[in-house]
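Next up: just one chain, as structure tokens, the form predicted on its own.
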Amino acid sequence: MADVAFDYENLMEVEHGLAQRDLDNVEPRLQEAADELLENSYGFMRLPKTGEHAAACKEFAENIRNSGATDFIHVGIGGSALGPMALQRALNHPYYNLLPVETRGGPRIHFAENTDPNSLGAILDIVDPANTWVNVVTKSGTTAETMANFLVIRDVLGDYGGRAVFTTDPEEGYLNRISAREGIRTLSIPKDVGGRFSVLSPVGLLPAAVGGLDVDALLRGAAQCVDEIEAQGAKHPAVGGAAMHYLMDTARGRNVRVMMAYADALERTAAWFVQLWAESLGKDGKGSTPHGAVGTTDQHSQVQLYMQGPQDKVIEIVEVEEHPRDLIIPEAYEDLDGVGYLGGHTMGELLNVECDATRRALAEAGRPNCTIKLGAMNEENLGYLFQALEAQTAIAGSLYAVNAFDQPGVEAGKQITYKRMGRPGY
């Protein structure tokens, strides 16, 4: 079972935090939002329990891993990339691509996300064109960044048809037209699942399986979260957390939500969440600003601001109780008080002590904070976490009275880009 806990004590028990009357006032609206989430059968809530795409993704991934492929390039941007990147960073070796192939058991994995020619060129510098698979992920097939990256990669790979897959809309879009023309296999992104909610669809499942991750466990953890939300409704901590973060913004003026993960492996998870929260809620002049941080690194670059800067932030710590590995700090320089005390402890112990120290220091300074605690870094816990944050974001959309599933503010820039680049009709 997934082991994920939400702790909001330091949002309620500290100076400048929330009062029970704040929660009581919003409780009817929260209950209504929870009912709406469960009654509307949103696609992202359905995916974990049906597992409707898992078998196809696992089969395709196994074919790729057994094909002798040296490299796998995942081409996508935004919701088509951040989720898959977060899973790889969280659950695989941080230097996965540098491991011997017999240790990896599959190809190196590269993410062609931005249109920066230096980054794309660097990927192309190191892949073996004759043994590289490409996965192009865009629902419409019109995402300029993704299609540009694909066209460059396609040209370099040459006769790539047997080593390509398109992850796209099940029926429509330009990738389906190219697929029909060139005989390229497709995987379907459900029509009722938007990009930033798609990590548990083929968007995230295929690259996860190519990387050797356990997609069944990932879905199992997410399904546990759905089951618990269905059973608990507004009392589920992730659902209640939507109300708390909404109130921290609207009732306490704390319009910056910092997700500070105490594990390097969760850095991309925070980036994934930043898009989820920002693009879903930033509408009609509403929404709080999400920001990602990593502890302990950002204790030395940002915590000064959090501790003594403007009272406009709520800090959300993500803690991992049991790290994938640990290292003993050797005993040395015992005669130096400022160094010798570290000997005999472990690096994981130090990281978690610093995490707790930050939490306590923030609370003592009257800086509201909360904690998401993962028992360990594994597929079940990550599946649960992703599902919980998606549900929380959807609930927050209802509280803000915005549509959490569209992104009209992104379209203007797209239109200008299409026109400047010469797309017909623009």
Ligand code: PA5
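The first residue of the shown sequence is 1; numbering continues from there. Predicted model only: the values in this text are computed from it and were never measured.
A second form of this protein, the form predicted together with the ligand, is not displayed here; the remarks below concern that form.
Participant: With the partner left out here, check for me: in the model of the complex, does some heavy atom of H74 sit within 4.5 Å of the ligand?
Facilitator: The answer is no: H74 has no heavy atom within 4.5 Å of the ligand.
Participant: Residue-level contact is defined here as any heavy atom of the residue lying within 4.5 Å of the ligand in the model of the complex; does S80 satisfy this criterion?
Facilitator: The answer is yes: S80 has a heavy atom within 4.5 Å of the ligand.
Participant: Just to confirm, G195 within 4.5 Å of the ligand in the model of the complex by heavy atoms?
Facilitator: Answer yes; at least one heavy atom of G195 falls within 4.5 Å of the ligand in the model of the complex.
Participant: Report yes if any heavy atom of N10 sits within 4.5 Å of a heavy atom of the ligand in the model of the complex; otherwise report no.
Facilitator: No, N10 sits far enough from the ligand in the model of the complex that none of its heavy atoms falls within 4.5 Å.
Participant: Taking the ligand in the model of the complex as the reference, which of T143, Q299, Q88, Q224 has a non-hydrogen atom within 4.5 Å?
Facilitator: Only one option qualifies, and that one is T143.
Participant: Counting non-hydrogen atoms within 4.5 angstroms of the ligand in the model of the complex, say which of D249, E228, E279, E113 makes the cut.
Facilitator: The residue from D249, E228, E279, E113 that makes the contact is E279.
Participant: Partner absent here, but in the model of the complex, which of 158-166, 131-139, 205-213, 100-108 has residues with a heavy atom within 4.5 Å of the ligand?
Facilitator: Within 4.5 Å of the partner lies stretch 131-139.
Participant: Can you name the residues of 393-426 that have a non-hydrogen atom within 4.5 angstroms of the ligand in the model of the complex?
Facilitator: Residue within 4.5 Å: Q407 only.
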